[in-house]
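This document opens with one chain alone, in structure tokens, the form predicted on its own.
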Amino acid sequence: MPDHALEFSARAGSVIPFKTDCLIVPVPGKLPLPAAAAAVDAALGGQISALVTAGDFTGALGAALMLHQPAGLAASRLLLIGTGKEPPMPRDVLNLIAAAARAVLGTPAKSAALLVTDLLGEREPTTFARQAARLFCEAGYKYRPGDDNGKRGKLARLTLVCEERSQVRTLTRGLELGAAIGKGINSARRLGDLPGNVCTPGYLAEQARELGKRHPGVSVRVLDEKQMAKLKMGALLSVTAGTVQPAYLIALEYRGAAAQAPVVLVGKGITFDSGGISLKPGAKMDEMKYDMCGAASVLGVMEAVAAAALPVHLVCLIPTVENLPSGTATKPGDVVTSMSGKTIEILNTDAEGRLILCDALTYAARYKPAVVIDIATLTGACVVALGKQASGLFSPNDTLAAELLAAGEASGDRAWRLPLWKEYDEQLKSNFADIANIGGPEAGSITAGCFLARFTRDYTWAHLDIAGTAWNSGPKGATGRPIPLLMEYLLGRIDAAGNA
């Protein structure tokens, strides 16, 4: 079931007479109040100042206080949202907007207005609006919309209210882009949250085709197992050997800037990962339906890029399979030949993501890419190293790594760079093949990155390990990461090309 679409708009003027179900006013934790909040305070006869002075509203970052039927305002509700005692930093603004969204969506309000004058300051309005729309979309996501009996989360319209009329146009453009990104994120989350018996490799292929129908600028090609066999994708096909579900390689292309070499995103699409013959422990194995979140994220990026008609040349590749044990499954000790011609000794069938990715990364070279980024829920070792806070970033290219790290900081979807030193690469030696698919118990996420690097020598490449960030275990649910990071990176490339 699709989420109801949020409508976004911007306007200039006073919020005092503006009719809305909920007016959101950012308020700091100390007096005097900034100009726009002070004007609202004056209309209320000093009620906000009194709450701050008495300590009933601390103004701490993200703190929320809802006032009903505020006398002096046309709004039905007034939500005070704390900005902290010091001017909020960029990441603070993201956190307080997210807190405001959660608070509003916890009420029956159908419309809301956010007073942005005091928050904008020197901030670029388009960026601010894009982030606001994206965060409100994210907060409104529900896998099962009827869980609350329809009493909450009814928000249908959000208006950003500013002081300068000249800002309305730029805010509006930012809202449009943020809504497209939010839709892509929520689409990816829904795919991740679907059970493995629904979201199969064939289902992902069907969703890619549907995306192409919605956006005529997106071309879609789906390679089946016979076609992949002709391409000698032995590594990928070894993973699907134990299941009856057919595997696919899905390729989507959007030529928003056809003259440019494309950015290629490769998303790991293991729709369920039992570990194969190297069977995983039973506890929490249900969460292995999320092993296709890399695939979901690149579909979400394509959805956002196409919906916003961005001037970028984008290719998304999705190798998608199911990894199950059976009498036909690949066994530990088997040796397979990848599309690149490199032979791989499979020491652990639960290290399967790198096997489907290596063939997709070899296939990516035919697009003559400007850059290739693979996105994968690849290793539990990355979760141990970085937890849920940051995705693991690997790249031999310092410029690309810096750009991705900056995009993560700007979007609030952070990554942390880990090394690809030659010493780690030594752990992948095999007596029986060119390379082993695991490097032993030490530095598991790094040796996985070193494995992938073997197949990316011909182009600029980065790897994002999202095993810790793609979903939450409690309460369970997909996050849509790293779509915010990837979209920020693409927008940065677009901006750089426009300013060149």
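When you see a residue number, it is the position in the sequence shown, counting from 1. The structure displayed is predicted, hence computed values, not measured ones.
Unshown form predicted together with a small molecule; subsequent notes refer to it.
K.L.:
So in the model of the complex, are M288, A351 and W471 all sitting within 4.5 Å of the small molecule, heavy atoms only?
P.N.:
Yes: each residue has a heavy atom within 4.5 Å of the partner.
K.L.:
Select from the listed residues K280, H313, R157, R417 the one whose heavy atoms reach within 4.5 Å of the small molecule in the model of the complex.
P.N.:
Looking at K280, H313, R157, R417 one by one, just K280 meets the 4.5 Å heavy-atom criterion.
K.L.:
Could you check which residue among G380, G72, P195, P108 gets a heavy atom within 4.5 Å of the small molecule in the model of the complex?
P.N.:
Of the listed residues, the single hit is G380.
K.L.:
Find out whether any non-hydrogen atom of D273 is located within 4.5 angstroms of the small molecule in the model of the complex, and reply yes or no.
P.N.:
Flag for D273 set to yes.
K.L.:
Indicate whether the small molecule has at least one heavy atom within 4.5 Å of a heavy atom of R189 in the model of the complex.
P.N.:
Answer no; every heavy atom of R189 is more than 4.5 Å from the small molecule in the model of the complex.
K.L.:
Check whether K268 has any heavy atom within 4.5 Å of a heavy atom of the small molecule in the model of the complex, and answer yes or no.
P.N.:
Yes, K268 sits close enough to the small molecule in the model of the complex that at least one of its heavy atoms falls within 4.5 Å.
K.L.:
Can you tell me if V27 lies within 4.5 angstroms of the small molecule in the model of the complex, counting non-hydrogen atoms only?
P.N.:
Output for V27 is no: heavy atoms all beyond 4.5 Å of the small molecule.
K.L.:
Tell me which stretch of 197 to 205, 212 to 220, 81 to 89, 371 to 379 has a heavy atom within 4.5 angstroms of the small molecule in the model of the complex.
P.N.:
This holds for exactly one stretch, 371 to 379.
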